[in-house]
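The chain that follows stands alone, in the form predicted alone, written as structure tokens.
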């Protein structure tokens, strides 16, 4: 069995120059850290005494510049922000970890990344701090089992960003963060003047120009705004491989690129009830059945293990779908027929949720396929568009036999495979500079 390579390995193998780019970025990062004094524990610790605020100014400059470029590119449609890994928020463990790291920072003079920068220049204190970090990571791994429930659940919010927390546009967040950073830069210099007797007249004169450029760039991001779901949907592309067998020769393999509308028009985004059922028993896939019907219909009849997410609440779960499921997860959407499920499919693919498919013919088709011998389910000739096409003696949910067919009875099912697992983005580590 062939397993897909992690995306960064696949990209690097296809383009060896990627390694050169990684090396160049790493070199520039390390060079900047050392040039800014991040390898000197005395300079790093001095920020806590308000005598030397270089660390704060360099780190926040990097943060706000990256933020402006990131959301500017997203607003112009160059970058899909939903494909950028955002570390899930664990509030309780984050607060405790921040306190522990803060104490370690002020006592030892380093954070994890700066200790690497210090050690690489031969500083003994940096080497010992780095060694202590490795030992601490080892001990955490060995003891995490004793507090795993608290660590993974206390204050867990998943992928959450400031625009979601405060309910304001991303551009407004960018402007506010830029203004906050500039105030911190000014305040940091005043602290240096008061506590460190620093002569601010010797600071570079270009600082006001840099501040003005940041403000103008932030305002540009605000006015550009974020692309709409419709704009994102129109840019979605799917890559599928087609194998054409040849007599007495190797098969021809074609790589085809489809738009989202092409996927629907060619029925490539639809899976038959047979494939949706068989997917449960394919070890390499992790199917998640999302039932987007109203709760009343779901209570009447639903497929075993299907999760009810009514269409009008779909947006609430998108952050979870982007971060939580494993990489081999396949989402199968279902409505009574297809209309609501197709609308949900468009929303999810526009939001960059990968490996999303629609149950062909919906729940009605599932019942027609697996429940044709169930005499308690009677066809409803008066059913309208995307309504349940059957009447039910009671709201039994998933307790009808056809909700969870016997796999032995349908062992020889044949179907055209439509599900092709797409590579997902890799998680990226976070850390301080």
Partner chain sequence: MTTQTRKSIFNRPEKAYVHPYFGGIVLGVVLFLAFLLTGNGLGSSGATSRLDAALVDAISPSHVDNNPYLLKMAGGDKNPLDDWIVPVFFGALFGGFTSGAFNGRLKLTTTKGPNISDRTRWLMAFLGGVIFLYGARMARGCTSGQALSGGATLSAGSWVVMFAIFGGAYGVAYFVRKFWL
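Residue numbers count along the first chain shown, from 1. As the structure is a computational prediction, the values presented were derived from the model and not from experiment. Here, rigid core means the biggest group of C-alpha atoms that superpose within 1.5 Å across both forms.
Another form exists, predicted in complex with its partner chain; not displayed. Remarks below refer to it.
- Query: in the model of the complex, do 347, 363 and 398 all reach within 4.5 Å of its partner chain through at least one heavy atom apiece?
  - Reply: Negative, none of the three is within 4.5 Å.
Can you tell me whether residue 207 touches its partner chain? I mean in the model of the complex, with a 4.5 angstroms heavy atom cut-off.
Residue 207 belongs to the contact set for its partner chain.
Q.
With a cut-off of 4.5 Å between heavy atoms, is residue 53 one of the residues that contacts its partner chain in the model of the complex?
A. Contact check for residue 53: yes, within 4.5 Å of its partner chain in the model of the complex.
Check: Is there a heavy atom of residue 380 lying 4.5 Å or less from a heavy atom of its partner chain in the model of the complex?
Finding: Contact with its partner chain, no.
Within a 4.5 Å heavy atom cut-off, is residue 37 in contact with its partner chain in the model of the complex? Residue 37 belongs to the contact set for its partner chain.
Query - Which of 279-287, 252-260, 140-148, 309-317 lines the interface with its partner chain in the model of the complex (heavy atom within 4.5 Å) - result: Of the stretches listed, the one contacting the partner is 140-148.
**Option touching its partner chain, based on a heavy atom within 4.5 Å in the model of the complex, out of 229, 84, 76, 213** = Contact with its partner chain in the model of the complex is made by 84 alone.
Quick one: from 196, 225, 98, 294, grab the residue that has a heavy atom within 4.5 Å of its partner chain in the model of the complex. When its partner chain is considered in the model of the complex, the option within 4.5 Å is 98.
message = Tell me whether residue 393 is among the residues that move between the shown form and the other one (Cα shift of 2 angstroms or more, core superposed).
response = No, its C-alpha moves less than 2 Å.
- prompt: Quick one: core overlaid, is residue 28 moving 2 Å or more at the Cα between the shown form and the other one?
  reply: Passes the 2 Å threshold, so yes.
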